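In the block that follows, a single chain appears as structure tokens, in the form predicted on its own.
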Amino acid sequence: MGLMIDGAYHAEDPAPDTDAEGRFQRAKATIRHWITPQGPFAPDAGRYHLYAAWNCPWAHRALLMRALKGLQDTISVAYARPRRTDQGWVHDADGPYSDPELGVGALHAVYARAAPPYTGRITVPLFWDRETEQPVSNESADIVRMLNDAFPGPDFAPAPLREGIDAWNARIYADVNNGVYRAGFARSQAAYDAAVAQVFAALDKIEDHLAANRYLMGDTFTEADIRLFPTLARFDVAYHYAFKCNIRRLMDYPNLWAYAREIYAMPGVADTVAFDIYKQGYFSQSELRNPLGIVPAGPVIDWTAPHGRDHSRA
């Protein structure tokens, strides 16, 4: 995905993404400023710009929170092209994949404006501050929480539930959100076997939990549900095939599948989902996973089918 070292972009990333046992290791985000009313980054309407990509689940978290909070007119978005190049995430000069904010051709040009000079991978989402002309954060979990806490709209992480939400977030990240990547990017049979087993053990537990609970936190829809949904949206169309997470499909879990469709039906959520683009991204040419770059035609999935969960929400 490219790497920046002291503000200079390198198309070849010299750092391995797997350990000696073939286990995938995700690089940590390092731009982690915080938006607060009293700090240098105040939650002013129209001040911030979000760099995202339709096929990235980490960016999807931020897009979901932005939509569910009703912040579409407060925070602008630029979408990168679905397939990365040797320049990483890139933008067209105009059209739906352009950057109307800075007019950059590649996202690394935005990272190059960071002070001090940035060292790290070029990832989305990236939150940009127009006032200081600096990146605020490239950590999706922080961006999601900041959008919830600092801006007006529904509270998806209420204080009485935060301990439980944070516990769910930790489990979902390790076993599901990042778990599918540990399966898909594994470079040994043992690493894959361990990762894929952990993914489905977690999904099995969530399936059982949803048999008695409408959402992860009982009757209250929270940030934990928002952070789980991007993986569910990509599961059958991408992870099941491209990442070999094929023990079961999302559609094979009655509770999880109905839960996912209910979230998809919430106002604004479907506008953050692009199934065809997911396939373009996850089935892009890869020496290890898809050497010919052929994108499959299926599967055909009806996300608009009635979910049967229309009882009132607390």
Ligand SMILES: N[C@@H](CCC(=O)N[C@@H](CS)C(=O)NCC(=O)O)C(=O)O
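Counting begins at 1, following the sequence as shown. These numbers come from a predicted model, not from an experiment.
Keep in mind that the form predicted in complex with this ligand is missing from the display, and what follows is about it.
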{"item": "Partner contact for residue 230 in the model of the complex: this ligand, 4.5 angstroms, heavy atom", "value": "no"}
{"item": "Residue 127 within 4.5 Å of this ligand in the model of the complex, heavy atoms", "value": "no"}
{"item": "Exercise: residue 122 in contact with this ligand in the model of the complex, heavy atom 4.5 Å", "value": "yes"}
{"item": "4.5 Å heavy atom contact, residue 51 and this ligand in the model of the complex", "value": "no"}
{"item": "In the model of the complex, the residue from 235, 89, 79, 156 that sits within 4.5 Å of this ligand by heavy atoms", "value": "89"}
{"item": "97, 168, 200, 181 - the one with a heavy atom within 4.5 Å of this ligand in the model of the complex", "value": "181"}
{"item": "Proximity to this ligand in the model of the complex (heavy atom, within 4.5 Å), stretch among 192 to 200, 70 to 78, 137 to 145, 98 to 106", "value": "137 to 145"}
